[in-house]
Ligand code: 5GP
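This document opens with one chain alone, in structure tokens, the form predicted on its own.
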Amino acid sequence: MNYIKLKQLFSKPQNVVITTHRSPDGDAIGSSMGLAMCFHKMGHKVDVVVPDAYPKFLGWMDSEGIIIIDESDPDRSSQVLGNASVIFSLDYNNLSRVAAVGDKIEASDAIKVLIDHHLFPDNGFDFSLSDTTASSTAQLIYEFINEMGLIDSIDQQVAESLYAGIMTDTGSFRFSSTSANAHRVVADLIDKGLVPHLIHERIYDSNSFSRLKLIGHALSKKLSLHKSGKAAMIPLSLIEKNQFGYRKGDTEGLVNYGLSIKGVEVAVFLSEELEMVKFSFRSKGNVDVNEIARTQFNGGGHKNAAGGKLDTNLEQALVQLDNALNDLF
């Protein structure tokens, strides 16, 4: 990342558009809103565009309603991306991860900046901050803000958004990606007004009754073990999700229950959607689920956390998953 050139670029007002990946999670929204608020304070025009809706429990980060959802307002997202002078790509490594937004970014003449921590980043960006050892993109946004000389722009609101990204992507600081530097960043955010337990409550202690019923159903009726005893699966059909009044974000973190079983090295959550099945993979130790997701399930991510999808039904998806697990174990 050439910070000298970027500082020169941002010495004048810019039309900034920040984008993040499909099915935005805590790191996607936290890093996007943290950066957006900092740039807004510096006098730049800032918009945030996401491909589709994010879970409601993350809505507190967008109190001003600046996030544009391309799926529900494609004309407005086209307008702001078309007028952008600088486009940031946060928490994804290639434009295929942002659906129709990717085509709009590709068509833009704006300067393009990547900030991400996933493997195999694309090279088609003017500036790139890619660090696969970082705990989260939110951590990289903190480092970016610091290198840009904007550290004083981090107030309590910015600190809360960045912390939300770090906390969720580290599994509340229990994943192996949680480095000493991640804790140092959080310590500085606390000095800037962050109250950690309040953010944890906003994200994890705001369950609906129907969500807990859905989780209970998934664990009591759908959780199963692979014949090796080293993998756990939780498949949910579209009918089952609708039965419990499913809302976006209701299955967030469900895959981790499978990984908590003694002896299990890989956990997989399968979510049936219209004409496709989405996968969430988690693993322990040296089992590389990114490789599995990338080569067999049209996805990718990190060594111990990845996602994928198949354009099929749940029954066929389970067959393909079983074959992959048989090869692995």
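One rule holds for the numbers: they count along the sequence shown, beginning at 1. This one's a predicted model, so the numbers in the text were calculated from it and none came from an experiment.
Here the subject shifts to the form predicted in complex with this ligand, a form of this protein not shown in this document.
Participant: Indicate whether residue 306 is a 4.5 Å heavy atom neighbour of this ligand in the model of the complex.
Facilitator: Yes - in the model of the complex, heavy atoms of residue 306 and this ligand come within 4.5 Å of each other.
Participant: Does residue 298 make contact with this ligand in the model of the complex, using a 4.5 Å heavy atom cut-off?
Facilitator: Judged by the heavy-atom cut-off of 4.5 Å, residue 298 is in contact with this ligand in the model of the complex.
Participant: So, residue 112 and this ligand: in the model of the complex, are they within 4.5 Å at any heavy atom pair?
Facilitator: So residue 112 does not count as contacting this ligand.
Participant: Is residue 118 close enough to touch this ligand in the model of the complex, meaning at least one heavy atom pair within 4.5 Å?
Facilitator: The answer is yes: residue 118 has a heavy atom within 4.5 Å of this ligand.
Participant: Just one of 55-63, 257-265, 277-285, 39-47 has heavy atoms within 4.5 Å of this ligand in the model of the complex; which?
Facilitator: Partner-contacting stretch among the options: 277-285.
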